[in-house]
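This document opens with one chain alone, in structure tokens, the form predicted on its own.
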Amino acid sequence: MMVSLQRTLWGALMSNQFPLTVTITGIREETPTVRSFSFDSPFEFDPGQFLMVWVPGVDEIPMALSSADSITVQKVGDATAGLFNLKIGDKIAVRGPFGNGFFKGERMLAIAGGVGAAPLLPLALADRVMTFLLGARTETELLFVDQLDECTDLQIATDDGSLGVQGFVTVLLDDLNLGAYDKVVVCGPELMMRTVLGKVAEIGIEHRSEFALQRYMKCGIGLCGSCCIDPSGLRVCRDGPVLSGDLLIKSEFGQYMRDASGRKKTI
């Protein structure tokens, strides 16, 4: 059966493949390892879409939009470290927005681990999310707590128990009726997302779940094939980054991914 990947857009989808130079207008330290960078050119975008962000002299990487004019970045590699060295008034180049975003829903459950809260934040602020499960290693690494608490039923889990329930964010699923939601939207570490996929598949609602994948990309427009997933060949940049659970259930998702050379890396 052919599965449609069409999304209902929240605004005009921009597919500019050429770099746009933007000026950083604000930098907010969200946690000790995460910062939000605002810039002077807002985009019309569908929550879940991403930009290809070029850090001068370093690299170009995909980053999800956390608002129309901002990205939220965790310092994890050379490119993100380069971003953290920039200051207000500096310039970066961006392409996009690219890819598919989340389908609209009226009774949405959002599940975020760490910086995975960034692409889900616009859904919550648009009053689309009933319940938001937020997880992080420790209290100081939790993102957007005040904002999410104002517009959703926010439930928190931390690995060390410093705030909320102790354990991974997936432990919060045990007390929820997943079937009560018309959409389950997820972003975070892939092992965490695979656990969520297993739980929704157990009750037969994997087709009502959507996962925002974070994979290595070179072009961002579906040409290079570096982000294809087995066995379907779906391209995360063009067919995703948001993919329905029924498309992922028999895939490599949660098992392995590829590095810059194309070699498989166990997750």
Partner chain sequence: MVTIRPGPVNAGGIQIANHLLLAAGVLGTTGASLTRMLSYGAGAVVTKSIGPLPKDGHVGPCLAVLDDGFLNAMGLPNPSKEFVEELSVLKGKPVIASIYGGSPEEFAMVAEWFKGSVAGIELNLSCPHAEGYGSAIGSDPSLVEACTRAVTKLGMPTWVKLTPNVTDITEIGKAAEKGGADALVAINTVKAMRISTGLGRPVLGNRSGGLSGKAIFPISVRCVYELYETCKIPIIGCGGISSADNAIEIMMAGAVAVEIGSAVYSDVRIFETIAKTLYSDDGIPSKDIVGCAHE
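These numbers come from a predicted model, not from an experiment. Residue numbers count along the first chain shown, from 1.
As for the form predicted together with the partner chain, it is not shown, yet the points below apply to it.
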Distance check, Asp230 to the partner chain in the model of the complex, heavy atom within 4.5 Å: yes
Exercise: Ser226 in contact with the partner chain in the model of the complex, heavy atom 4.5 Å: yes
Contact test in the model of the complex: Pro56 vs the partner chain, heavy atoms, 4.5 Å: yes
The partner chain contact in the model of the complex: Arg107, any heavy atom under 4.5 Å: no
Among 233-241, 63-71, 199-207, 29-37, the region lying within 4.5 Å of the partner chain in the model of the complex by heavy atom distance: 233-241
In the model of the complex, the one of Leu178, Leu172, Val145, Ala93 near the partner chain [non-hydrogen atom within 4.5 angstroms]: Ala93
Contact set, 248-266 vs the partner chain in the model of the complex - heavy atom within 4.5 angstroms: Arg258, Ala260, Ser261, Gly262, Arg263, Lys264
